[in-house]
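Each of two forms of one protein chain follows alone as structure tokens, named structure 1 and structure 2.
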Structure 1
């Protein structure tokens, strides 16, 4: 009897111990827990400067006038800078610059991808040469296009224009925004080319052969087979390109300095000019916060539009 009671007691004790043990964490929870330190560091690095920028945007602070100090003005900087006529014009120029650059990149990148999606002599060398603009610094790009191509005195483009009887051709002064868009497109076109080339290489040859057997011409194969397959790749590369092109600064700084006047200025250059030329830190911070909000709105709308186009194409 005592033995049975001891056995039952030991079972109850062991059962209580086993019941008090915690269930092991799932593998997914363990993997997420490993990401938390990195997410915290990224949040601190990115959000603290942003919160500081928001705080400065509510202040009136002129760096070269320390006697004035910093004064809290609330939304005064936004009312004076963001809702001004100059900001509206430059915002439209920023959107036009991005749109023209994306169109040029999309068309030229697609054409080069179609050319490279076949075998020919020295294909590797040609592809390497076409990718090189992507690795050139923006300031160097601006210098090359401003002095070697578009210079009114000894530029290559103006020299060719003179051969056709066009005298006094100065594209940097006559069409500065278009010229800056050309510079930006030249630098970012390799990204479009490589992504679209990867999309073309992923198309099974059987689908192309089946379309040709059904009577499709070469353009028909491109229209009904290749182009619908490239829509997801276009969505990705347009979003990435928009993020980078909306932040263009070096080409404008070196190529046109925002001029003539403000005809080639974008919001990034306006922030620089307000903060580091005019020394108005609070106003520049307000322009920077407004630019970030505008960029997020544009990217969100663009993402929804591209998703709808991809669904319809599928």
Structure 2
């Protein structure tokens, strides 16, 4: 998706540049002179490195062992790193992490949006406080989970669990992937809440009243009026959320360091680990390419599914 768009995009970049110098007055040239700086910069920074990734992925290169040299190994990196049991497991973990986070975000976000879509005391303050996690650094989220809430020694939740007689409560080690999902959900729930709230606010009051006059219960109003209206908002926020949630990193780095073992790693973390901890540039590039393909497949599939759902619901 991104690649094919890029090819046509970059062609137009090279094709139109001389035109903007020749005739600065024509609207087309004006448009290009305003548009191209951004287009060229974004293409350079985001697309050129990717082509280099593909090139590097065909090499064996350990950056801190120059004595080993750089060798062309063809698809060797893919055979060894991508089609391996470890990669498969971490890929599934990436998907599970994203799915769990999205489900929590979707449900909690909807609940909060419904609760906020009415008048009550201190509504503005409540909304502001509920949105706050969105502005917190992922590394800080990891820190809060690891130390403040779930530290085996002094964590708040650990202490609370102790009151109920739970011994050896240490979910960061026992259920690390689930804990990372809750971190991610905590960070992204505000976005879901705000977008769905905007969706609820856009529903004309008459439609709800009409449904009530027809004898709809509160749940009926939700099911037949509010939910269909919300579907396009859900589509938008799930897509946007997936883009970011598929590449969670800071929460894992601080919260669990991918462990115990590799049990809370995702593909982003694996790439970092291979490239910038293990210094295997070629292997990391191959994992990066595989991650990109997987991401595009997931996003395309998600978009198709949701378009179908929205069409059916509307």
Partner chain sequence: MSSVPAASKKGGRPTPWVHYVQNAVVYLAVVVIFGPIFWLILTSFKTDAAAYTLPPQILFTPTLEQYTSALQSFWAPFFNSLFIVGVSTLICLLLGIPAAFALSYFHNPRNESIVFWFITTKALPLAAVLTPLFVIFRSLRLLDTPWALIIVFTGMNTPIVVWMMYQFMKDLPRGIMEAAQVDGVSLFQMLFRIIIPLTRAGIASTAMLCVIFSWNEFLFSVSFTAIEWQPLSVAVAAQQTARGQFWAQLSAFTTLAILVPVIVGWLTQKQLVRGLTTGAVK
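This one's a predicted model, so the numbers in the text were calculated from it and none came from an experiment. Positions refer to the first chain, counted from 1. Heads up, when I say rigid core I mean the largest set of C-alphas that superpose within 1.5 Å between the two forms.
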Structure, 1 versus 2, that is the form predicted alone
1
Quick one: core overlaid, is residue 51 moving 2 Å or more at the Cα between structure 1 and structure 2?
no
Superposing on the rigid core, is the Cα displacement of residue 37 between structure 1 and structure 2 2 Å or more?
yes
